[in-house]
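Next up: just one chain, as structure tokens, the form predicted on its own.
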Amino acid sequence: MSRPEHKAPPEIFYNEEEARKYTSNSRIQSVQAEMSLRALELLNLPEDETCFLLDIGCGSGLSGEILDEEGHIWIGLDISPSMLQIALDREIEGDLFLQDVGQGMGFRPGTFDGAISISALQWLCNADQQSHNPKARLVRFFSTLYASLRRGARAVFQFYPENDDQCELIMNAAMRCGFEGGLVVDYPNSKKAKKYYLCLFAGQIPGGQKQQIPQALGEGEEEPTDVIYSNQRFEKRKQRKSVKNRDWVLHKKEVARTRGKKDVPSDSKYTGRKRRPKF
């Protein structure tokens, strides 16, 4: 089967029809949720704390919904107008930008507490236009991403490398821009569950312990069934407690007002506080 990135540039391949098919596919929804949760684990964010995250290649917001459910505030970038339009139609919570990340990003230094990307990084290895140089575009992307992250923050990319040379190209570009880290391959002996995650550190945490590359899942194990793999991930997700504090609630209200929604509750000193049970 031909890889999507070999058929057309992402902004063309993910047209209105393809974007809707992708978003409505229940299997894709499940896999995206799994990989988004794993990326969040690899970010190693502080527990019970709302973080400001960047979703690179956010598409129609499938991964962003996971960030929202876990109590985080996020911004999404994507090159496909059709994907972003579906995200708007679905009324996802994150702020969205139409952006070719190969041209770099213009966020202020230290803006984000972390970044994730699901199934997007391999597209930067293509030369879709005559002016495109994959190595230069990767360096531009990673250098501006590094600047936008606070020191010690992580960026986790789930991607589908075509070969070892592509992995080396991506990793060399990231290290050249100051990142540390490496590749985490979950279930390396499985044909179906095997997943690649590039886990990068934007420097070390000031005054903290030196960051280590996280341990992969399923190393040395036999190939798991899809059911076992899915159930394990979602059971762990259920055990996690979403953090929806005052900042999260205020941001959600502001997004709703910006989009013209009516009947948005007014802010008060009680916003985001848990109600005491009545006896």
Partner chain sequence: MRLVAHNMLQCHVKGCNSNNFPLQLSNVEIEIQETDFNPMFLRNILPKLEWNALVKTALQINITTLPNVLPDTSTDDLDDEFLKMLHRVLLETHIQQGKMICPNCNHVYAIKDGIPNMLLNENET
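This structure is a prediction, so every number in the text was calculated from the model and none was measured. Positions refer to the first chain, counted from 1.
Only in words, not in the display: the form predicted together with the partner chain, which the text now covers.
Triplet Thr50, Glu93 and Phe97 all within 4.5 Å of the partner chain in the model of the complex via a heavy atom | Yes: Thr50, Glu93 and Phe97 each sit within 4.5 Å of the partner chain in the model of the complex.
Note which of Leu88, Val185, Met175, Leu169 lies within 4.5 Å of the partner chain in the model of the complex, where distance is taken over heavy atoms; exactly one does.
-> Checked against the cut-off, the match is Leu88.
State the residue from Ile73, Leu121, Cys199, Leu138 whose non-hydrogen atoms include one within 4.5 Å of the partner chain in the model of the complex.
-> So the residue touching the partner chain in the model of the complex, by this definition, is Ile73.
Verify the contact flag for Phe107: yes if a non-hydrogen atom of it lies within 4.5 Å of a non-hydrogen atom of the partner chain in the model of the complex, no if not.
-> Heavy-atom contact with the partner chain at 4.5 Å: present for Phe107.
Evaluate Leu84 for contact with the partner chain in the model of the complex, applying a 4.5 angstroms cut-off between non-hydrogen atoms, and reply yes or no.
-> Close contact exists here: in the model of the complex, Leu84 approaches the partner chain to within 4.5 Å, heavy atoms only.
So in the model of the complex, does any heavy atom of Gln103 sit within 4.5 Å of the partner chain?
-> Judged by the heavy-atom cut-off of 4.5 Å, Gln103 is in contact with the partner chain in the model of the complex.
Mark Asp128 yes when one of its heavy atoms lies within 4.5 Å of a heavy atom of the partner chain in the model of the complex, and no otherwise.
-> Residue-level check for Asp128: no, no contact with the partner chain.
Using a 4.5 Å heavy atom cut-off, indicate which stretch of 107-115, 205-213, 157-165, 188-196 touches the partner chain in the model of the complex.
-> Contact-bearing stretch, as computed: 107-115.
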